[in-house]
Structures are given as C-alpha cells and as structure tokens.
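Form predicted alone, single chain, as structure tokens, below.
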C-alpha cells in the first residue's frame, strides 16, 4: 500500500441493503469508496451509479469474510489504506436450521462474529501504526439478550458487540475510533416476509444517515431508533424465570 487516502471508505459486505445505502450517503458527502464482497463483479453496477451520481472514485474488490486466512492479503492488495472501514457483513440464517444443522450454525456464527472480527483486527493494527482510522461495525440489538427465536444469530452479534466495545476500550482516546451501530429491525431483503412493527423498523437509508452522523460527530454507540435502547433495557432487566416464560 502506498499510504492513506483522506476520508476514503472501505465497505465490507458491500452488497447488503444497509451497505448500499451507506455507500450512497457517504459518496454524497464526497468520500471515495472501496466496495468489497464475494464476487466483486456483481458490484460493478453500484460502482458506476455511485461514480455518475456523486462524482467520487469507486473501486470493487473480492472479499470473503469466512476466508479469514486471506484477509491480510486482501488488505495488502487494496489500492490504499482507507481512513474509514465500515463492516456490514452479516447472515441472519434460520434459527430452526441452525438448531438441526451444526454447519448452518457455524456459518451464522462465523459470518457475524469471527469473519468481521478478524478483518477488523487487522485493520485496527494498520490504523494504529498509521496513527488514524475509524472502524464502524454494524451489530444488532439481537445481541443484547439471548432469545429463543434467534439465539444463534443473537449470540454471534453479542460477541461482535462485545468485541467492538473491547476494541474501543483498548484505544480509549487514542488514534483509532470504534463505532458500534445497533439498527434494530431494518426493512431489507434479509427481513423480507417477516411481520415487523412499523414503529420499530428502520429503512436502510435511516441506518446510513445514523452511520454518517456517527462518523462526523465521533459517536461510540448508535441506536438507530432510540426506542430500542429502552426496549432492550427492559428485556435485559427481566429476571430469568420471567424471561423464560416470554415468547421473544
């Protein structure tokens, strides 16, 4: 790598609805983008749209979150070290399938925790060595307490949330900033078909705006819809005997 590009953003998991909305918002603010996902050729349409619509430089890169042994080489091959890294990698999976099939559970756990943590760890080291950098991790309120309906996904997100918190604590007021984003329900292809309450469900563009504001205003933890902070505080406070009787 030849050095840092001021305000360049690397988006990991760039094909997701949230990532695409974030790309549009960040490009509108003038940030050059590096889009990364499996089969980078499928990102070409988005890249051209971003270039034409916002006049920013956009590059596309192959990235497999589960191929953790390749993450260092992936970062070394980027045209420049970004100033901001946004991780939108995730896989909700199906709780019933994860209960039956260990391989399905492992894929959910690795996609939401291990893969993102490994690549962001490598980026954190590079950011620290350079003396600047911002890491943004899209986690989930599902990680606030294990619920029967999605505890495999929730466990992975709980791990990722704790990992981001630990990384933020490690650097304190140092050169690397770490932002945790907790969106709650979001209307995406991943949640399509689910009966989601409108008052609690954000649009991808709403998440993108929250991410952009968090980067600008140096936030640590972002609840995209503040009502989720109250809801999850109540859920966390429920005594276990009562919690076991719920159908969450």
Partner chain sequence: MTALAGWGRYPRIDCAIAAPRDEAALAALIARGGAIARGMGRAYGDSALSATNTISMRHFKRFRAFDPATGVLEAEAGVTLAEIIETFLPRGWFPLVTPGTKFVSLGGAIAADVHGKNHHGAGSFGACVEWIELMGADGAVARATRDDDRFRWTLGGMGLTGVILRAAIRLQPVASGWIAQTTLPAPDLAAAIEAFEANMDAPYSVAWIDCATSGAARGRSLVMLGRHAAPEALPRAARRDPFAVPRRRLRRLPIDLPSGALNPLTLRAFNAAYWWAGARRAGAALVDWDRYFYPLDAIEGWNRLYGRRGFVQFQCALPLPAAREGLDALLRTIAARGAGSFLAVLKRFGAQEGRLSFPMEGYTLALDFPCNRESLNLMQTLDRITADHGGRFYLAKDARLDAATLHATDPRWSDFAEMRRRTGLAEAFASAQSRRLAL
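Just so it is clear, the model here is predicted, and its values are computed rather than measured. Residue numbers count along the first chain shown, from 1.
Beyond what is shown, the protein has a form predicted in complex with its partner chain; the following relates to that form.
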Contact segment among 62-70, 29-37, 183-191, 207-215, judged by heavy atoms lying within 4.5 Å of its partner chain in the predicted complex: 183-191
45, 48 and 52 each touching its partner chain in the predicted complex (heavy atom, 4.5 Å): yes
Contact flag, residue 25 vs its partner chain in the predicted complex, heavy atom cut 4.5 Å: no
Sequence-ordered list of residues in 8-22 near its partner chain in the predicted complex, where near means a heavy atom within 4.5 Å: 17, 20
